[in-house]
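First, one chain by itself: the form predicted on its own, in structure tokens.
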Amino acid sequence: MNFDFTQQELMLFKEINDIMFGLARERTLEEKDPISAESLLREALDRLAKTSYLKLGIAQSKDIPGLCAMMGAMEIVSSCSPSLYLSIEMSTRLFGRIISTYGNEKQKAKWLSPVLYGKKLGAVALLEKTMNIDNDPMATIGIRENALIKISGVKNYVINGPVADFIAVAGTMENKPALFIVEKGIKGLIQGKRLETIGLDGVVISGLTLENCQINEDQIIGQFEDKSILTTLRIWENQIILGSCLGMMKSSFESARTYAKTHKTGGKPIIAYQEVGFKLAEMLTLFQTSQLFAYRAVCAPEGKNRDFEVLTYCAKVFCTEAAEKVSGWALQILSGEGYISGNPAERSYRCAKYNQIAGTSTEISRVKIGDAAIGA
């Protein structure tokens, strides 16, 4: 499989890079204040909408690159800001793909177009009591009453929850999986407090409670015959996480390499010390291997690879654990500078653990990989 990028794709990467670094010169990209974080997110969406970034993996056109380029572009955004990246991706690559793949033309016009043009913000409320949807049944239920659907349930860990204009709420109706599109301000939608996390400072995460929220029939996507829709959503979420890992490794490695070249101890740059060189070599090896793994995993559906699900789980395990190692080794090289808040390696180290527990966790991924290995 050829992972070389075309001139068109390289030009897109440069556009995205210029936009993100332009934002970084103007504002802090890891905004802890939720009002500032929302303002920054909407500004980033507006600027990125001038490129094809928000449409990657969603809209089909000869002018829009494919999934491999999507992963390369995601790496750039994540390397600039893991928080901003995750907020953007949950709106476009998760909410947007749901509407694009399963919505009808009317639903696409109402909810997809504003998201792809950076005018509106989406979210997906998938999780409930835990971050595991593989074993626990959905407790969020939609009940049909006359011409309306009443939804009740409690969702947790909803990225963009308090600021989203549209939320795709996963649940069941008549014992079949369904997605309910709930719009901001609807009666019965109760926003939880923003959750404090050890990393991803700029991501607005909260729980949501739905108490007899009434929606129209045309605000349902599904009902689906089986739970395969949940597997698909997890695959898409895992792809987002792979891009996050690549960005973290890129920024961590580059900051450590620059420091090793410019900082001196004992009268010579620390990169001259063999142990530092070995660490950088290990970091680069893990980073480049993760790139190849992530590109192959995300491109597999394009090639109709029947094993793309287990390939994604393999990539998820490898890349998420590599991101933690690379950012940790970068902190070692940066020494005291790395322990001070604000540098890319410190930021990535705090964010890296999320990628191991989000999506399909590394533990559940290993179970699925093992089942595939023995043909179960």
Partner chain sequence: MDFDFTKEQLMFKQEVVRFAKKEIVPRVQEHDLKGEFDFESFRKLGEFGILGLHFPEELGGGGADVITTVLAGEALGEAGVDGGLTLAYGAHTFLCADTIFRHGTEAQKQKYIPKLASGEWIGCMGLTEPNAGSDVASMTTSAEKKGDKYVLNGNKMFITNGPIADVAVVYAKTQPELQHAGISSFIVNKGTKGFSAGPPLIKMGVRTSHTSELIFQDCEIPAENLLGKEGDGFLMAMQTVEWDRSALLAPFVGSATYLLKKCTQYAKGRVQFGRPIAQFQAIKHKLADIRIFGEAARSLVYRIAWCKDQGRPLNHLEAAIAKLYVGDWSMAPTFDAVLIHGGYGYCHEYDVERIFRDSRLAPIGGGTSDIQKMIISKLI
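All of these numbers come straight from a predicted model, not from anything done at the bench. Positions refer to the first chain, counted from 1.
Separately, the form predicted together with the partner chain exists; it is not shown, and the next lines address it.
K.L.:
Residue-level contact is defined here as any heavy atom of the residue lying within 4.5 Å of the partner chain in the model of the complex; does Leu127 satisfy this criterion?
P.N.:
Judged by the heavy-atom cut-off of 4.5 Å, Leu127 is well away from the partner chain in the model of the complex.
K.L.:
Report yes if any heavy atom of Ala281 sits within 4.5 Å of a heavy atom of the partner chain in the model of the complex; otherwise report no.
P.N.:
Contact with the partner chain, yes.
K.L.:
At the 4.5 Å heavy atom threshold, is Leu334 in contact with the partner chain in the model of the complex?
P.N.:
No - in the model of the complex, heavy atoms of Leu334 and the partner chain never come within 4.5 Å of each other.
K.L.:
How about Tyr295: is it within 4.5 Å of the partner chain in the model of the complex, going by heavy atoms?
P.N.:
Within the cut-off, so yes.
K.L.:
342-350, 315-323, 35-43, 48-56: which one contacts the partner chain in the model of the complex at 4.5 Å, heavy atom to heavy atom?
P.N.:
Contact-bearing stretch, as computed: 315-323.
K.L.:
Even though the partner chain is not shown here, does it sit in the model of the complex so that Cys68, Asp307 and Asp371 each have a heavy atom within 4.5 Å?
P.N.:
Heavy-atom distance to the partner chain in the model of the complex: all three under 4.5 Å.
K.L.:
Work out which of Gly277, Pro114, Gly188, Gly222 lies within 4.5 Å of the partner chain in the model of the complex, going by heavy atoms.
P.N.:
For this set of options, the contacting one is Gly277.
K.L.:
What is the one choice in Ile357, Ala24, Val367, Met11 with a heavy atom within 4.5 Å of the partner chain in the model of the complex?
P.N.:
By the 4.5 Å criterion, the partner-contacting residue is Val367.
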